[in-house]
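The data below hold one chain only, encoded as structure tokens and taken in the form predicted on its own.
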């Protein structure tokens, strides 16, 4: 069924079957994955952590983009704001979706085994931080911060749809200022806890920034694909124009370079210091087929998008942006897989069917919740004082 849109109210009146299909796919994916848990629980937990991280970074990217919009008082991105607000509104669901990670703590994190810690000097020295009670306290804090920020900003935006006021605009800006600091801290420490501690002997002080750079690329790609889907349905085609895609293309290009800069900085600092306990991370990812995956990330996550998006014409070409958005989302998954899986498959990359079913399972529920919220409200902030100016925005 075709999605129908009311141009006067900016509401989707008939949402089609996207939500229904996403829910069915999500439930089926998780059910099949649960069957995989019975046959290979360790593979299940690693696959699930990869899938959870992928979709969680998209939700967190929505929170970042929304707060950045408010802090900069941007005009061009007003027409995109409801999209990113609805993406961040999925964050509370992640609390429930994190439960399988909790159940798999002993399979994922060997610092949770007391007998191992007692005979490992490095783990013993980190025991004050890497212990299960403190891990759960920190994780609860991350979700509370994300929940409060996303809920406050989302509800304030919906209130603005009823009656625009300078007070609401200032409230969202005031929340975003400390919110951005809290976002940076929580995302950094969540990446330390959930990903970096998979190999607790290794550490990197810019690991959180590395994860953040991929997060921003993921949300930009998601926005571009969503906007182009709506455009294909003849929705917002005269509201989200080539000018907005151009700016999204600029950001996509800029954060591709930023990701490469952080990735190279992390590698270079470890390489020239040549301290054995620090080089283990890259050494593990240079064995067997992991070497090929490392090269795929180098060229796929940086070289290809850098060359393709380099020109102004490419950033204004909707087909190129669509292809590169799909490409970068795939590379984002490969990147997360590269961060997680060498801790399980040490001799080479092994892609299993559970990697696919967990992605479908978590992703289906993510899309279902996103789409149901998205179609329940005007899909643009209709009473934003800068809405008309955003529609008329042109690049200089």
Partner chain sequence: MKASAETTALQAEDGQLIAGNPTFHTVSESISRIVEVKTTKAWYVLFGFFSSIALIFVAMIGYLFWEGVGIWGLQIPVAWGWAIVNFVFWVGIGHAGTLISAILFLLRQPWRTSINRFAEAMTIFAVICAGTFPGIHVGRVWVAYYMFPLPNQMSMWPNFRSPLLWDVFAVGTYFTVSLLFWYTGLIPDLATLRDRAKSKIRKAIYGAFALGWRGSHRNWQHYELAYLLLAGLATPLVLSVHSVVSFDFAVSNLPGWHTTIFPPYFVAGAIFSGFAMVMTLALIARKVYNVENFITMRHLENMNKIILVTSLMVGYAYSIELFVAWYSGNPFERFAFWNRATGPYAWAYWTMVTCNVIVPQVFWSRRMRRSIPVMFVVSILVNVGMWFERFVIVVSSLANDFLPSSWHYFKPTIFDVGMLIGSFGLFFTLFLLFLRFLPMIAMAEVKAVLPQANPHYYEPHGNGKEASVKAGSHA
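None of the values given here were measured: they were computed from a predicted structure. Positions refer to the first chain, counted from 1.
Although not depicted, the form predicted together with the partner chain is the subject of the following passage.
**Q** If we take heavy atoms and a 4.5 Å cut-off, which stretch out of 296-304, 151-159, 217-225, 189-197 is in contact with the partner chain in the predicted bound form?
**A** That would be stretch 189-197.
**Q** Using 4.5 Å between non-hydrogen atoms, is residue 231 touching the partner chain in the predicted bound form?
**A** Answer no; every heavy atom of residue 231 is more than 4.5 Å from the partner chain in the predicted bound form.
**Q** Is residue 178 close enough to the partner chain in the predicted bound form to count, meaning some heavy atom within 4.5 Å?
**A** Yes, residue 178 is a contact residue.
**Q** Is residue 120 close to the partner chain in the predicted bound form, meaning a heavy atom pair under 4.5 Å apart or at it?
**A** Residue 120: no contact with the partner chain in the predicted bound form.
**Q** Using a 4.5 Å heavy atom cut-off, state whether residue 208 contacts the partner chain in the predicted bound form.
**A** Yes, residue 208 sits close enough to the partner chain in the predicted bound form that at least one of its heavy atoms falls within 4.5 Å.
**Q** For a quick test of understanding: in the predicted bound form, does each of 281, 344 and 363 have a heavy atom within 4.5 Å of the partner chain?
**A** No.
**Q** Just to confirm, with a 4.5 Å cut-off on non-hydrogen atoms, which of 316, 113, 126, 287 contacts the partner chain in the predicted bound form?
**A** Of the listed residues, the single hit is 126.
**Q** 109, 135, 76, 245: which sits within 4.5 Å of the partner chain in the predicted bound form by any heavy atom?
**A** Answer to the contact question: 76.
**Q** Of 239-270, which residues get within 4.5 Å of the partner chain in the predicted bound form if you count heavy atoms?
**A** Residues within 4.5 Å: 247, 250, 261, 262, 264, 265, 266, 268, 269, 270.
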